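Just one chain is shown here, as C-alpha cells, and it is the form predicted on its own.
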C-alpha cells in the first residue's frame, strides 16, 4: 500500500478541495511520482476538472466499495498527452447510495481501508477528494489515510467551520481507534485576495493560531479566475496557462508531500 494516503478534508463547500487535489496530483507527477486520485464526492467534480466524462456507477469508487469488488480498480489516466503518472477513480451521484450502505455494513467506515489492504494500488501517493460534509464518506477517507490536508477560505465563516472540522477529526480518530493516527499535514489558505483587508488580517494571524496546536499553514493560493477557466477545459492551471503566476501557488504543499513519498 502507498506510504502516503492523503485525505483532502473540509466541511465547507467551495473551499477548493478539488482544485487542490488535481494541482497537487499534477505537481507530484511532474516531479516523477505516480498518483491515484480517489473521488469520494457524489458531485464527481474530479472527472470534470480532469476533462473526463462522468463515469458509469460500475466504473466508479462506489463499485470499489461493494462486496463483489475483486480488485479491478476503475482507474482512468488524466492528461496522458501532457504528463504521465496521474490516474483517477471517479466519483459520482451513485455515492449517495453508498452513504446508506456504509451505515448498514459491519465494517462501515473501514471499507476503503480494507479494499486498499486486500487490493493495494501501486501508486506513490493516493489522494482522497472528499465531499463538503462530516458524514460517512469523509470517514472512509479518514480511516484509510495517513495524512490530512485542509483547504480553507480566508473568511470568518470558513475559519469557524475549520475549527469544527478539527473537533470532528479529533473525536473520530478516537472513536475509530486509528493506529497509527493520520497526521494533519497542514492548512492551505485558498482564494486569497490581498486587496481585501479582512483576508489580510486572517492570513496574518492564521499561521500563529495554527502553530499553537502544531499545525502548519502553507502559503496561500491566490484568487484567480484562471483556476475556473482551467477547470472548465479539464486541465490544471500550469497546462492551461503555463506562464500564469498562480501556477506556482501549490509548490510548497507539493514539495512537502513529495518529501513524504521520499522524493
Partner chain sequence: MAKKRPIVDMDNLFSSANQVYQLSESEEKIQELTAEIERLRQTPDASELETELERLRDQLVQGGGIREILVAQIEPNPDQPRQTFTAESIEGIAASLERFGQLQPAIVMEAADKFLLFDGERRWRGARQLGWKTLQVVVIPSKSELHREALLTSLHREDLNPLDKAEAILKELNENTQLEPEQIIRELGSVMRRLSKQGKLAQLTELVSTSTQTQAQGLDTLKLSENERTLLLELLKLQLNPASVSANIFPMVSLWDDLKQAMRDSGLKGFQAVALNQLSPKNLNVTSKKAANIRAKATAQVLAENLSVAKTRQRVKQILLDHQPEKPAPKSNRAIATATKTLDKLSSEILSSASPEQLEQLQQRLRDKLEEISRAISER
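Residue numbers count along the first chain shown, from 1. None of these values were measured; they are calculated from a predicted model.
Unshown form predicted together with the partner chain; subsequent notes refer to it.
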Counting only non-hydrogen atoms, choose the one of 107 to 115, 82 to 90, 68 to 76, 167 to 175 that falls within 4.5 Å of the partner chain in the predicted bound form.
167 to 175
Please tell me whether the candidate spot formed by 159, 163 and 201 is one where all three residues come within 4.5 Å of the partner chain in the predicted bound form (heavy atoms).
yes
Though the partner chain is not shown, can you say which of 230, 210, 55, 36 has a heavy atom within 4.5 Å of it in the predicted bound form?
210
The listed residue (221, 206, 63, 235) that reaches within 4.5 Å of the partner chain in the predicted bound form by any heavy atom is 206
Even though the partner isn't displayed, in the predicted bound form is residue 197 close enough to the partner chain, meaning a heavy atom within 4.5 Å?
yes
